[in-house]
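The chain below stands alone and is given as structure tokens, in the form predicted on its own.
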Amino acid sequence: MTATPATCDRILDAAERLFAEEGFHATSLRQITQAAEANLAAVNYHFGSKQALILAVFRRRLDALNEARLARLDQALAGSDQPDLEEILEALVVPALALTHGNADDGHRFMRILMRAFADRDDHLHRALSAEYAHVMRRFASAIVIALPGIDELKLRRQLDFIVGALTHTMAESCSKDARAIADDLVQFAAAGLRSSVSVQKPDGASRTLEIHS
């Protein structure tokens, strides 16, 4: 049998809504198929398992989000040997906030399942998503290294985790309509933190932290 695109979209829509409302473990495939007006065979044929369906729900939103991020990152890197740090961070932040502010229902529902994934500590899902989108974070890390020569690359990995965590919290909690102002504040905050940790070498070879003055 074949699951048509319309059927797949209905399944994904129903799954996303029910996962947001009930959680991953409490939602059964039968509930999803009933809500989607589909049969269990269609779910099994197209997705294979409930875990694969959960991952597909995330991919539907995250693929588009990260495509938009990388397109903006390419623009930030184009034509300059020393890209602007704020433009790089905007490429990370702005598309994510657009997801939750552009279409409020879709964005807020997706953020609810994203927060459920964190709360449920689903290690399998976390590993799958990390592996799926690791290349995106590597691209941003490489760009930041170019923008901030001398930054500690091991520390940068942790700092990116902090920035993504702050972004995720902001996406989930902010109900403001002014996504641009929120993005500007978060970019300014992240850029200041990254710049403050850049190390340079003293004449004696010891490192010190640069002091940033406005």
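Keep in mind that this is a model prediction, so the values were computed, not measured. Each residue number is its position in the shown sequence, starting from 1.
This protein has a second form, the form predicted in complex with the DNA, left out of what is shown; the following refers to that one.
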Item to complete: Using a 4.5 Å heavy atom cut-off, state whether residue 69 contacts the DNA in the predicted complex.
Response: no
Worksheet item: Does residue 45 reach the DNA in the predicted complex, with heavy atoms at most 4.5 Å apart?
Response: yes
Discussion item. Would you classify residue 27 as touching the DNA in the predicted complex, given a 4.5 Å non-hydrogen atom cut-off?
Written reply: yes
Worksheet item: Is residue 35 a contact residue for the DNA in the predicted complex, using a 4.5 Å heavy atom cut-off?
Response: no
Practice prompt. Look at the stretches 149-157, 35-43, 183-191, 60-68 and give the one with heavy atoms within 4.5 Å of the DNA in the predicted complex.
Written response: 35-43
